[in-house]
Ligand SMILES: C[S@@+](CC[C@H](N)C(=O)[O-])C[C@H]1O[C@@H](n2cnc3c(N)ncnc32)[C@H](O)[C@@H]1O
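Quick heads-up: it's one chain on its own, the form predicted alone, in structure tokens.
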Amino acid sequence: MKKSRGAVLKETKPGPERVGKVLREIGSRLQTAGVDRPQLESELILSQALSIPAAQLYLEPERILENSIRAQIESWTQERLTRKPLAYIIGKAWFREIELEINPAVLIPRPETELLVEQALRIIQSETAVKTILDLATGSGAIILSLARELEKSNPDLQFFASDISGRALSLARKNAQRLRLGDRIQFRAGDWFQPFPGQKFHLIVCNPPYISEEELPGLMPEVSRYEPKLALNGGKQGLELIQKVLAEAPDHLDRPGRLVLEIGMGQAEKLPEIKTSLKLQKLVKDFAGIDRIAIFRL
């Protein structure tokens, strides 16, 4: 039977979007865009949009995505394709045992920095003399909040302090502390490095200073070079300027036998003996890639 010339063909409506199919498609798009760990990030995008654990995505591959959820997933994916970090897109990141609110005013916490917290915990737990702890350039508060949370029950008498020169960063750190119900345990102060603590001494100082050299900054992956705050990255010509500052000033703010736990960059461990300080380098700790990442000094 022939169709009449005036017949109108019906448009075929697209079928419902399902979790498994969308998960694969987003992973492929992120991979094409050069995103590191595209599968993991596609899982995070969907699980956060759906407010479910990532593992549940694989238990419900035929789950139909509502239009509003699908729109949110697509919006986040489009942003991630520009290489904007996912932590800034969804507004959160995970560090050790805590979830943090994150925005472009602060550095996104790295797995390497978890090693700094681990070393600080070992010192605190093995030395009863440690009562006061300072986190310099606290950013999102990841380090000091992790210490306060993980020592909350075992050592409730510890006193925690933190500083940052960025008002926006300090505001976010305070907000994270309140959300984690740790606001009463930590004294946050605004100012540059030790400036907010004139004459004050601590048993332990922890710090993840900017240690990327000015020359290296433009060549970093787009997520870092385009989006993360230069104030939290730029360590000067050799990446050592702020490390030198901390090592020079820390002795005046440490109570004997005080410790400084410092995160450093690749290749900087061999340059530490050249930096003038009255502190003694006690230990170097390698990261997961075998790079000397954490330097522990003693007064």
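Since this is a predicted model, take the numbers as computed values, not measurements. Position 1 is the first residue in the sequence shown; the rest follow in order.
What comes next is about the form predicted together with the named molecule, which does not appear here.
- Among the residues A269, I52, L231, A248, the one placing a heavy atom within 4.5 Å of the named molecule in the predicted complex is L231.
- Checking L107, I124, A93, I73 against the named molecule in the predicted complex, a heavy atom within 4.5 Å turns up for just one residue: L107.
- Residues within 4.5 angstroms of the named molecule in the predicted complex, judged by any non-hydrogen atom, belong to 133 to 141 and to none of the other stretches in 197 to 205, 179 to 187, 151 to 159, 133 to 141.
- Of the heavy atoms in I165, some are within 4.5 Å of the named molecule in the predicted complex.
- In the predicted complex, P85 stays away from the named molecule, with no heavy atom inside 4.5 Å.
- The named molecule in the predicted complex is not approached by Q119, whose heavy atoms all lie more than 4.5 angstroms from it.
- Of the heavy atoms in T113, some are within 4.5 Å of the named molecule in the predicted complex.
- Residues of 248 to 283 that come within 4.5 Å of the named molecule in the predicted complex, judged by any heavy atom, do not exist; none qualify.
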